[in-house]
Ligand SMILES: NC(=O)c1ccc[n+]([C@@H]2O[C@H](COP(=O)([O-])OP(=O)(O)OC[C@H]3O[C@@H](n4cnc5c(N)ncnc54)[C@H](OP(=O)(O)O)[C@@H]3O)[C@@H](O)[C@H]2O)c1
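The data below hold one chain only, encoded as structure tokens and taken in the form predicted alone.
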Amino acid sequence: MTQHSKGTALITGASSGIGAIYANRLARRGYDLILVARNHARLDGLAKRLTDETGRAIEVIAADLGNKADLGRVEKVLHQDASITLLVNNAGVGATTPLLASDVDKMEEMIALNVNALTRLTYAAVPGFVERGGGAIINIASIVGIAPEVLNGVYGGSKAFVLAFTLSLQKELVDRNIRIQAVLPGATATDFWGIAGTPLEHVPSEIVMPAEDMVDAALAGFDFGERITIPSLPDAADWDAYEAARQKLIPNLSLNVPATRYRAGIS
């Protein structure tokens, strides 16, 4: 039986891995879907299967979000489709190589997808959410956003942007009935690793979470109203302590005199 629609969820990077699992879970929760990815054949196959299984209306958009024209087409949909109630910014790439072994052009492409595309899609979605009185955004970041030493620093920097951008939006839109969640997965069993330069079988199994479990935990965090969800973190109080320490710093980050410890060295 077809459920009452919760509106439409637009999911980027939806043809496989985390994005495809979000598509499955959200369709079963009653969302119609707009699935965005480069691989048209995979999108069509996923859309047909989920339509058959859930009865949801599913549209596919084959687009490379690193291409300005393709990105513009998706932005236009977010601007114009008033049925959209949820944006899942999942598309992204990573890298495991250190700076000296990295191709700077590939790093620039990573920034374009992980930072620029996510930013532009968010800017395209938010005005409509404000006008319609509500909506939600799920930004898929990574634990490297707070632990950039773990993998490639440009990748970590791009995910730190996603976290900072999410925190800023949460504050800016707090009175607009727009929910914004950042999900910080650790190592997850997807094709990310092979594409990033380290085959999954070379990653210690004790740190790798099945992708289905990761998405289910992230959606549980969304249901709990969490602003930041770290699926493998055993004790939420650890994040609370981290955030409390960050908040304690803020009042003293910009003052009109240097800290006392520096003044002794100023002649």
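Values in this document were obtained by computation on a predicted structure and should not be read as measured data. In case it trips you up, residue 1 is the first one in the sequence shown, and so on.
One more form of this protein exists, namely the form predicted in complex with the ligand; it is left out here, but the text below deals with it.
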query	finding
The single option of T122, Q181, T190, T85 touching the ligand in the predicted complex, heavy atom within 4.5 Å	T190
Contact of S142 with the ligand in the predicted complex (heavy atom, 4.5 Å)	yes
The ligand contact at S16 in the predicted complex, heavy atom, 4.5 Å	yes
is_contact(R38, the ligand) in the predicted complex, heavy atom dist at most 4.5 Å	yes
G135 within 4.5 Å of the ligand in the predicted complex, heavy atoms	no
All of N90, V93 and G186 with a heavy atom within 4.5 Å of the ligand in the predicted complex	yes
Option from 236-244, 219-227, 51-59, 30-38 whose residues, in the predicted complex, bring a heavy atom within 4.5 Å of the ligand	30-38
Stretch 55-83 - residues with a heavy atom within 4.5 Å of the ligand in the predicted complex	A63, D64, L65, G66
